[in-house]
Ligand code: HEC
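Starting off, we have a lone chain in the form predicted on its own, written out as structure tokens.
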């Protein structure tokens, strides 16, 4: 029944009579380089704003316009935070974890039309936002901190409200997403919770 599996296993460990060891090693080396090149290129292309914001219907019609109207898209300093800056970690393992989650959630949402109309998207907006907020809370707003670092903030240059909030957050252990929801996308309608942190949407 498992004869083919035994033959495959035996074949993998039997020396080749047709190809020289150098040829096999060289071919494997070239194939490995080709795989890495294709993998890295695909990883890069699927992390661009062109792919994330404009390749999928729901992103192009519901999400991109909100981002384009935010201060993360156009601002006085000319520094733009793209999709990957907020939604993808810089380190390889967390980046791959997020890519895999997207393959199981975002891609089916597009394929099966769960979020392809404004009505469907709005119906799921809070659910989708809460997933992102939970991720950011769990990783201490890692992606925010790739640009914003509390240690480098000039509190004296901030408004009194912002200064007090950032100083309080540093003492209490709050992270960016505790207060800054609705930064690049419209914040979903949600019931106010007692003791909930004040929201500073930009």
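Just so we're clear, the structure is a prediction, and the values are computed from it rather than from any experiment. Positions refer to the first chain, counted from 1.
Absent from the display: the form predicted together with the ligand. The rest refers to it.
- Quick one: from 107, 79, 123, 100, grab the residue that has a heavy atom within 4.5 Å of the ligand in the predicted complex. After the contact test, the surviving option is 79.
- Message: Against the ligand in the predicted complex, would residue 165 count as a contact residue? Criterion: heavy atoms within 4.5 Å.
- Response: Within the cut-off, so yes.
- Message: Can you tell me whether residue 40 touches the ligand? I mean in the predicted complex, with a 4.5 angstroms heavy atom cut-off.
- Response: Residue-level check for residue 40: no, no contact with the ligand.
- Can you check whether residue 46 is within 4.5 Å of the ligand in the predicted complex, heavy atom basis? Outside the cut-off, so no.
- Query: Given that the partner is absent here, does residue 132 sit within 4.5 Å of the ligand in the predicted complex, heavy atoms only?
  - Reply: Because a heavy atom of residue 132 falls inside 4.5 Å of the ligand in the predicted complex, the answer is yes.
- Contacts with the ligand in the predicted complex, stretch 25 to 59 (heavy atom within 4.5 Å): 52, 53, 59, in sequence order.
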